[in-house]
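Given next, in structure tokens, is a single chain: the form predicted on its own.
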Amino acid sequence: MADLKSDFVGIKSPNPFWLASAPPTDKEYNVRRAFEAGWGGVVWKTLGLDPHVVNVNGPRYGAIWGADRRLLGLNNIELITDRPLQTNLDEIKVVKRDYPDRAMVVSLMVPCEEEPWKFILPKVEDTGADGVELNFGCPHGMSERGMGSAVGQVPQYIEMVTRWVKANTRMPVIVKLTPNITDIKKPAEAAMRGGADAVSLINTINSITSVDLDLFAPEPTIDGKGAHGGYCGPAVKPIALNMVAEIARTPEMAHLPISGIGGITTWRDAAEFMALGARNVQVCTAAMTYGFKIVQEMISGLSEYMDEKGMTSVDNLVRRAVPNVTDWQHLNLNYVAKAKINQDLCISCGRCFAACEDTSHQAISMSEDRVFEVIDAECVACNLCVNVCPVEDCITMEAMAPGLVDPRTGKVVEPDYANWTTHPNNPAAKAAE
């Protein structure tokens, strides 16, 4: 079987699946249960020095659901840990002692001054923790106090604080980046200049998920008021993948280790992050939705996939897709595909027809007895029909071989090499026109 062991900036774990800094990693009880379930590591929920951190005692989460009530995204207004610093440090120490083979990284957020960092870092080192993650991403609560995303949105601050931390600890330093910024490369570059050993991303996205139309207040609602919070879960995965890829495909940062975060629910999600440059992944919402044992499916699924691909270690997977990430102007505009409907699978619902007829290219016909067929001459291969079809693989996109599409009409034609001098794909014939 494939070896899932992970070595992330010298931090070793039996697999690349870590729990992200969040409610699931807030205390010894949770983390022990996580390790027993099979998680390779955890990032302990963010510690700070403010003794006056007080979380709300009302709802802390807003949600977005799919039509089947499947949780697509969470918006949380929870702050960093509100438990005493020493209590957290004591628990980290005993858990690391009892699980020496698991990664134990501690998330930190303290004021943007060097002395607080000098104070807290030795205390974290004394626990035996493997590394620290600098929380420069939280968009609510702490940002109003000059921490979290208030630091992560200013590259100069990222570089400055990272330098302080590197100067005052022997532990590997991971900088957690906020997505609430225009160009993710800028904070990543700043972290690198400051000496960061790695970056992790993305942190939560600033959001309001819904409004109570009776109280006229954002949800979750606390005594008639609501606040913006941090959005996470499956819905943020596309944003996270893009930001990971942007860093990984930038030549100057190609060597920068990345811990991927954002909507990872299955082994496939994790594999996609790794293929785009992440060397491990962190999970939160999936564990909060399904429980800690979800990692077992992730482990077995990734292992089977790697076996099928002949990969012997996770290093074989990391960055495999990066060379194929490009900008639009470099795409092959001579590539042509057409939609094809499998009549044996079609349930005649008509969703493909409605979508194409009303909003796209009028490339699907409907007969009187509700048989739907693609009009090749009109099909531009946008694949909207594939995405709205409720039956998997009923509609597919098929690439056309050279000579099978008349570029003037878009119609599929058979190759006619006997009459190549007048063939529509012959450059000389085109020039003669």
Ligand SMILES: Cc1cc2nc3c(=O)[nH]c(=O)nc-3n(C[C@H](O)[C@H](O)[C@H](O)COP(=O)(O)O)c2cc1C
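Keep in mind that what you see is a predicted model, and the values were worked out from it rather than measured. Numbers for residues come from their place in the sequence shown, where the first is 1.
Another form, the form predicted in complex with this ligand, is not on view; read the next lines as being about it.
Undergrad: Mind telling me which stretch in 148 to 156, 185 to 193, 262 to 270, 243 to 251 gets its heavy atoms within 4.5 Å of this ligand in the predicted complex?
TA: That would be stretch 262 to 270.
Undergrad: Could you work out which of V175, M104, V161, L74 is the residue within 4.5 angstroms of this ligand in the predicted complex, going by heavy atoms?
TA: Checking each option against this ligand in the predicted complex, the one that comes within 4.5 Å is L74.
Undergrad: Can you tell me if G233 lies within 4.5 angstroms of this ligand in the predicted complex, counting non-hydrogen atoms only?
TA: Output for G233 is yes: heavy atoms within 4.5 Å of this ligand.
Undergrad: For P14, is any heavy atom within 4.5 Å of this ligand in the predicted complex, or not?
TA: Result no; P14 lies far from this ligand in the predicted complex.
Undergrad: Applying a 4.5 Å heavy atom distance criterion, does E219 contact this ligand in the predicted complex?
TA: Heavy-atom contact with this ligand at 4.5 Å: absent for E219.
Undergrad: Just to confirm, I258 within 4.5 Å of this ligand in the predicted complex by heavy atoms?
TA: Looking in the predicted complex, residue contacts with this ligand do not include I258, since no heavy atom lies within 4.5 Å.
Undergrad: Can you tell me which residues in 20 to 49 come within 4.5 angstroms of this ligand in the predicted complex, by heavy atoms?
TA: The stretch touches the partner through A20, S21, A22, P23, K45, T46.
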